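First, one chain by itself in structure tokens, the form predicted alone.
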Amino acid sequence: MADLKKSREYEASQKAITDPERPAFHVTGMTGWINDPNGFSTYKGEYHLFFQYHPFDVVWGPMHWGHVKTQDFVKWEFLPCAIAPDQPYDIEGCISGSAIEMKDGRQLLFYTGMTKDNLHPGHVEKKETLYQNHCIAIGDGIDFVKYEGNPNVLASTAPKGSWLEDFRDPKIWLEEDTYYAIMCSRPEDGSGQILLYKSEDALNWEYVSILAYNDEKLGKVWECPDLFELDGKYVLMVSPQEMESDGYEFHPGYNTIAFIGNYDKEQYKFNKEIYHSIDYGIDFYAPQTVKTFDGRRVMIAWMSNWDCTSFKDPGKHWFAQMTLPREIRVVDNHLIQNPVREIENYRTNKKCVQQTICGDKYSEDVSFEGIKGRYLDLTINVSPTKEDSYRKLDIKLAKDDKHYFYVSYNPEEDVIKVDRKYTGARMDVLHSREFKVRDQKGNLKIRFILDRNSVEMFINDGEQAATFVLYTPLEADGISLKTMGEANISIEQYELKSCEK
């Protein structure tokens, strides 16, 4: 059984660890392993983020909740571990959930507890099953006490036939003095469904409806659901498991989907109108959002993928990080996402380049004076010249004589290909992705946020995003471009100041 006091003492002993490859402005754990973001929320004028956390090792283990807070989404402050798996109903782990400032001013954590004990009368005991139920902890922003009525939402309250071992990830919100929560569940057919519950006090919950149903079309379990209103529409975000590839839109395995539609509050149903991937990279999963004090909707996600977690640097005392928080909007039934505007306060040393580059067949790699680095906010625009329509663009980042992160664009097919196999990885994990962009007639704009060992791409002012972890030595900081045919190139680069956590 994990002990919160010992977990906090262990965290404190790790503060002396300085890791030159720790991200400069992305969230990590103080030590150990992290995965899904939890409890991305506001509390007493600040933004809090919790996350699944195993402080004692760099592998997935009995899950705690790690804790950080911020005022600007860029500079984060480590706080002590919030909860540990120390009760019979969560002894196998305190996994995903959410947080909220209650009506009485206290901070509530709504999390999933895992146990091997079957707490569901009338159901057959399965000795190796990890049963999941929902639990509450209430506190003051630092210290939390688990509710004496835990687990307060049992998986057996889900519709008949739902699996007891897949009932998790509650996302809570307050609306017109009533608390609501949506939860991940697996119906009898083994696919996925999102359930809606409500409560007057956030402690005693009643089942309301199946908010949305997978119908075995888009993967299996829809993990980590989030529902919110944005720009006159409702958005339901889910993270499906076991998806099949679907052209350029969805890759096999773990995905993230934004459903855009309407929420019928009388029937308690979400009506899907359109859907698409949230991120087209490799390292993006389990996004969660918060509404900011000034009315924006900001999203953060785990910068990893369950198919890539086997690769670890043996010298690191921590594993994984979160994405840079992103402002999201809905425009023409499409989710637009860009880095939070606060990152601009950390920009310095602006450099600009405008140049025409060409090659009859394929030009040589072209580098530009001062355009390099691993802590950058970098925007590259490319367009055809009047004389020619180029046939291909190559971009290499984090480059030295041996390593590089590779992005190519084919304007005839409007396809971007990203490949990181030359970035220093020593295992054959996922390395490449292809995705289609909107017809641009050869006009393409890509904004890159680089932070040591990660690259986040934002295409055409946030119409698409793609996230990748890098393994490249920090000394590899070169940037080059190459074209097939003639093209106009415009580059705007800012160095990004490091943030002390």
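Note that the structure is predicted; figures quoted are calculated from it, not measured. Sequential numbering from 1, following the sequence displayed.
Not on display, but discussed next: the form predicted together with beta-D-fructofuranose.
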When beta-D-fructofuranose is placed as it is in the predicted complex, which of 24 to 32, 60 to 68, 463 to 471, 436 to 444 ends up with heavy atoms within 4.5 Å of it? 60 to 68
Counting non-hydrogen atoms within 4.5 angstroms of beta-D-fructofuranose in the predicted complex, say which of 285, 280, 404, 110 makes the cut. 285
Just to confirm, with a 4.5 Å cut-off on non-hydrogen atoms, which of 95, 290, 378, 393 contacts beta-D-fructofuranose in the predicted complex? 95
Residue 224 within 4.5 Å of beta-D-fructofuranose in the predicted complex, heavy atoms: yes
Check whether residue 36 has any heavy atom within 4.5 Å of a heavy atom of beta-D-fructofuranose in the predicted complex, and answer yes or no. yes
Although beta-D-fructofuranose is absent from this view, report whether residue 168 comes within 4.5 Å of it in the predicted complex, heavy atoms only. yes
Residue 268 near beta-D-fructofuranose in the predicted complex, any heavy atom under 4.5 Å? no
If you look in the predicted complex, which residues in 178 to 197 sit within 4.5 Å of beta-D-fructofuranose (heavy atoms)? none
